[in-house]
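Encoded as structure tokens, the following chain is the form predicted on its own, with no partner shown.
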Amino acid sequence: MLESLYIPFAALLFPGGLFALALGLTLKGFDRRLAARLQARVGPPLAQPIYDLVKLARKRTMVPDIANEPVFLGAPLVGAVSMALAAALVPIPGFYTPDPVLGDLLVLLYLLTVPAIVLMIAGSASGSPFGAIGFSREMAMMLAYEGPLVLVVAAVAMRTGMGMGGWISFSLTDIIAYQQTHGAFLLDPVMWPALLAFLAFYPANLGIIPFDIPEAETEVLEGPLLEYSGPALGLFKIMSALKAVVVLGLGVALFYPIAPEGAAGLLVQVAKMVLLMLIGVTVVRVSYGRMRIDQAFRFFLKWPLALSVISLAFVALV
């Protein structure tokens, strides 16, 4: 009986669902607050993302006449649910270990592709020309950053598997246990190219400047999200908040899962994610302008892809 309730509890309450949503909205509040301070502005209150969700929940969703209504309304729901499930797969070192029945690192990688696919479908279903442009940009960005991510994950899995006397291990439990015994990959020179490639990946996956090209307000007026309003748009905001928790939590698990046991492990995990968000996202987005889609595509094929290949080669040879 208890086992049958594990998956719904993990996806809806903790560590996914409500907990991940509250954490994701808090991270976004810190991000907006610090960005405002760096730009010499007062900025919104920390709870502004929550206020935005409440406001959207009270408004009406407008569906364009030319939109495919079932797809238009179903896309944001699929995106939010996929990220709630993904959050349940992300371990919290010292505090929470996902049950193997939920899946391993490969399942998490598949789920991480869903938000980009959902945005493409949403832009296409809206019937808006700006949504179509956002569709093409999102597809180009996804093709650019997914390759380096897969190679980064392969390098981490191979380093873990070979270190444990095997070949490759996609178990997040094994990856964390190996680093807790032999030291974090953050401090392993062999893994530094993979770390740099991941640091380039996660702002792009989160749609942060300079990689917010599919939703550029000054160019394509929010692109795939232009025609969305009310609760449907709120679901996209929920998906974005949950995705921030998943991507940042994955970064911690892959490269620095060292934490004390018990509740202190949860606090350390949250602190690491806040630090990663503020330094790797907030400072970057207030320091750089938006790239063009061709510039971003070349950047990922030139640097993160090369770094991830180098790291994979180092792991195989060392």
Partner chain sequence: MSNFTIPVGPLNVALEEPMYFKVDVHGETVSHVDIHAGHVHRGIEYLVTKRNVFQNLVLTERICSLCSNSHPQAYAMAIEQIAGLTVPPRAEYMRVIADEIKRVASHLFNVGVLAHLVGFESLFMQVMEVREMMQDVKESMFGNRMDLGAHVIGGVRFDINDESIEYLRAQLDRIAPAVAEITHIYNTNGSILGRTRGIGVLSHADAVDCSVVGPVARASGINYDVRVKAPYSAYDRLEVPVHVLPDGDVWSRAMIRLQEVATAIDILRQCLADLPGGPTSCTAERPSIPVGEAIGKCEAPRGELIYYVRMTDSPKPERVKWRVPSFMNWDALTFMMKGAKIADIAIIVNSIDPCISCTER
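Positions refer to the first chain, counted from 1. Remember, it's a predicted structure, so these values are computed and weren't measured experimentally.
FYI, the form predicted together with its partner chain isn't displayed, but the following is about it.
Peer 1: Quick one: of A67, L34, A253, I293, which gets a non-hydrogen atom within 4.5 angstroms of its partner chain in the predicted complex?
Peer 2: Spelling it out, the residue with a heavy atom inside the cut-off is I293.
Peer 1: Scan V190, A177, L106, A132 and let me know which has any heavy atom within 4.5 Å of its partner chain in the predicted complex.
Peer 2: Spelling it out, the residue with a heavy atom inside the cut-off is A132.
Peer 1: With its partner chain left out here, work out from 255-263, 38-46, 23-31, 272-280 which stretch has heavy atoms within 4.5 Å of it in the predicted complex.
Peer 2: Contact-bearing stretch, as computed: 38-46.
Peer 1: Using the partner position in the predicted complex, report whether I209 sits within 4.5 Å of its partner chain, counting heavy atoms only.
Peer 2: Within the cut-off, so yes.
Peer 1: Test of understanding: in the predicted complex, would L143 fall inside 4.5 Å of its partner chain by heavy atoms?
Peer 2: Heavy-atom contact with its partner chain at 4.5 Å: absent for L143.
Peer 1: Does the 4.5 Å heavy atom contact test between R137 and its partner chain in the predicted complex come out positive?
Peer 2: Flag for R137 set to yes.
Peer 1: I'd like to know whether L267 contacts its partner chain in the predicted complex, with contact meaning heavy atoms within 4.5 angstroms.
Peer 2: L267: no, not in contact with its partner chain in the predicted complex.
Peer 1: If we check its partner chain in the predicted complex, which of the residues in 270-290 reach within 4.5 angstroms of it by a non-hydrogen atom?
Peer 2: V286, S287, Y288, G289, R290 sit within 4.5 Å of the partner.
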